[in-house]
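Take a look at this single chain in structure tokens; it is the form predicted on its own.
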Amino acid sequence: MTRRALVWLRDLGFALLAAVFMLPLAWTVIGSLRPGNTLRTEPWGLPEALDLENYVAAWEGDIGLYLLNSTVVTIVSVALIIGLSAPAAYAFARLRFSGSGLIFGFILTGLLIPAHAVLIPLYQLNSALRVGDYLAIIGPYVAFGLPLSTLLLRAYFVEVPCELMEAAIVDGAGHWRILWQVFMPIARPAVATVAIFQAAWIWNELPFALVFIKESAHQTLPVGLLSFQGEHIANWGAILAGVTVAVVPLMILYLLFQKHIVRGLTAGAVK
């Protein structure tokens, strides 16, 4: 086969793969624009006209409040994850101290623990400490987000030229200033990768939010969407509208930072 034919087959394969992954999202968006009763009889039909009643129903069902709660929880959690993992990654990448390898390996064992395997102990701990709803879910989000974030940032910090750090030390900068004024601006691709990965997980996480949040006014978006589904009937139109609203922010973030994410994931892959 010629090179042009191989390139054409490769592009065709990528296009088919993209279509497979985009099909559920396309069906969700189309379904959110159709009346709820037609979704049961003709689930694969197309909307005859743009119908925003499902979005109105979702808004009347407090989807705006759930969206705000998810935004607050996600932003605070991601900010804490980056704020805590960046100094740790800098220390493991640039500082030499006794037991650094052992401590780093201990932190990475967090990647081997299924997050929801500790659901019951965390629930008992939160009940004993009587913490609020937001703290009850932000704490586990940050704890389980630190291992991967530290690993990715450390891989990027190792690639930063030593000359930059030496020049900053000559200018009288301490390690804290070197981290935030030298390393972090250079490591924007890695930071963007960490932020997107953690935000996607926190934004879509359900079991922790379902178990730990007690007040309905504090519910996040995944938990709030359950309110549109009753015991015997579900408002699928409003559910699909809510899912569409939940997906759009993450899609926008990924499209904006796509190049940074690719660069962050490939950091340290080539020596």
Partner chain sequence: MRDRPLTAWLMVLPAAAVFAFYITYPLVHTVVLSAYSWSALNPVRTWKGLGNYADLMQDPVLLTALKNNALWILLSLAIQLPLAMLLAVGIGSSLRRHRVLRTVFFSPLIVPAVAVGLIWTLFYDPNFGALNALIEQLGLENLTAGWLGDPQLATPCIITVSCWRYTGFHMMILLAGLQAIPEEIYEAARIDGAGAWRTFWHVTLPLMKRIVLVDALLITVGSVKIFDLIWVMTGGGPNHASEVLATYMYRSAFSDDRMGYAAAIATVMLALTMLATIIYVRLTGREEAAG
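Residue numbers count along the first chain shown, from 1. The structure presented is a predicted model; accordingly, all values stated were derived computationally and were not measured.
There is another form of the same protein, the form predicted together with the partner chain; it is not shown, and what comes next is about it.
This chain is displayed alone, yet in the model of the complex one of Leu33, Ala57, Leu67, Leu210 has a heavy atom within 4.5 Å of the partner chain; that residue is Leu210. For the chain shown alone, Leu256 is not a contact residue for the partner chain in the model of the complex, no non-hydrogen atom being within 4.5 angstroms.
Taking non-hydrogen atoms only, Pro43 approaches the partner chain to within 4.5 angstroms in the model of the complex. Among residues of the shown chain, Ile113 is one whose heavy atoms approach the partner chain to within 4.5 Å in the model of the complex. With a 4.5 Å cutoff on heavy atoms, Leu152 does not count as touching the partner chain in the model of the complex; it lies far away. Contact residues in stretch 101 to 121 (any heavy atom within 4.5 Å of the partner chain, taken in the model of the complex) are Ile103, Phe106, Ile107, Thr109, Gly110, Leu111, Leu112, Ile113, Pro114, His116, Ala117, Val118, Leu119, Ile120, Pro121.
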